[in-house]
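In structure tokens, the next block holds one chain alone, the form predicted alone.
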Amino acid sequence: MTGAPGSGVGVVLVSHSAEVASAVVRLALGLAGGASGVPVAAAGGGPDGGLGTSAELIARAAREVDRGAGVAVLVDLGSAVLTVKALLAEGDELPAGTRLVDAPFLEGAVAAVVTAAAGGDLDAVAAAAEEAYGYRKA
């Protein structure tokens, strides 16, 4: 986790791979100029350290980045989506104001961190990440 206590919207990046989640955190922070005030955490891999997703790791990461302004959770695919949805449905596993954001993992993460670093609220962070679906590469 990175970021200063008392900062705005937190961002959690959930991947089936711990290495991928951590790498995307580093890339997003680097492309956001360090974004030192943005609390960002990686929640990657399964409970055994292998590939997969872990509800416990996701919940822990969300609590680590929660500063009371909301937490944007971006996921890579499949069961990561289902795990976050199950945590949200349970109602008490994630901090209040936690939102699953429907966005491309890498591009959305960069947009979310940049927007959070600029002081955007949770709606703005989620919108920026979701808009990343519209980025054309050709």
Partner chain sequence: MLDAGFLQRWMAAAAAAVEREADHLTELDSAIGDADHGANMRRGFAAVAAALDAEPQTTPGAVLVLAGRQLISTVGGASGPLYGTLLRRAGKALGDAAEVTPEALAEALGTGVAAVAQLGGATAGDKTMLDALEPGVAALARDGDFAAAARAAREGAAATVPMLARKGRASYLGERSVGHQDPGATSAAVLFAALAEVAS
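Predicted, not measured: the structure shown is a model, and the values here were computed from it. Numbering follows the first chain given and starts at 1.
What follows is about the form predicted in complex with its partner chain, which we do not show.
The closest heavy atom approach of residue 86 to its partner chain in the predicted bound form falls within 4.5 Å. In the predicted bound form, at least one heavy atom of residue 52 sits within 4.5 Å of a heavy atom of its partner chain. Put simply, residue 93 is close to its partner chain in the predicted bound form: some heavy atom of it is within 4.5 Å. Using a 4.5 angstroms limit between non-hydrogen atoms, residue 33 is distant from its partner chain in the predicted bound form. The chain is drawn here without its partner chain; in the predicted bound form, the stretch among 67-75, 41-49, 24-32, 106-114 whose residues come within 4.5 Å of it by any heavy atom is 41-49.
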